[in-house]
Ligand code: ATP
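Next comes just one chain, in structure tokens: the form predicted alone.
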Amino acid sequence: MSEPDRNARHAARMARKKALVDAAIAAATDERGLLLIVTGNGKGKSTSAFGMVARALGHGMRVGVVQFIKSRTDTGEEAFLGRQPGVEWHVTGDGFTWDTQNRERDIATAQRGWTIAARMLADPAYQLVVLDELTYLLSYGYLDGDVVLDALAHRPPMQHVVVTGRAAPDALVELADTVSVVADEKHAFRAGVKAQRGVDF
């Protein structure tokens, strides 16, 4: 096939594709707060959520972040995003369960964090709420799943929520508007590379 013919076929294919995309965009007329889940075993779930924090701030939106499980307060995302006007940031965890080794304390900590999250989910002033690592608290039974799902389902109509963590429960996935699964193909840690500042925290 000659180069002019290849270019002509490409142009025709892209014109057909553009017509389909334009039609889909025209049909999407609903506007409401979305529930997004970023789950899976791969790296980048929280990073994705914090990218949305940056995006929301760029539009002048008010953002609430509640980090469950995690206890470190020296992350780059908190150091930068947490001090931006319009952000309320809470690190509510005591550390990973294999570090704490105390289920009773973990449950109490989870419930204290949920109190903050529930307040945000009831307040329309928060236009984006990130619930980082919330899936674990549901999977482990640290929080009442029905209470969490009810709060998510009855939040203010224009409030967006991002939930991160592995193994998102089926009921949460069903409630969500958008679900992204991050796959784990390869990770430097398994090759003996320790967590790196600016990449992993």
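Just so we're clear, the structure is a prediction, and the values are computed from it rather than from any experiment. All residue numbers are counted from 1 along the displayed sequence.
There is another form of this protein, the form predicted in complex with the named molecule, and it is not shown here; the text below is about that form.
Partner proximity in the model of the complex, defined as non-hydrogen atoms within 4.5 angstroms of the named molecule, places exactly one of 56 to 64, 150 to 158, 23 to 31, 132 to 140 at the interface: 132 to 140.
Contact check for V199: a heavy atom falls within 4.5 Å of the named molecule in the model of the complex.
Mapping the unseen interface onto this chain, D177 falls outside it, with no heavy atom inside 4.5 Å of the named molecule in the model of the complex. The closest heavy atom approach of G42 to the named molecule in the model of the complex falls within 4.5 Å. In the model of the complex, the named molecule sits within 4.5 Å of a heavy atom belonging to R190. Residue R166 is the only member of 160 to 175 with a non-hydrogen atom no more than 4.5 angstroms from the named molecule in the model of the complex.
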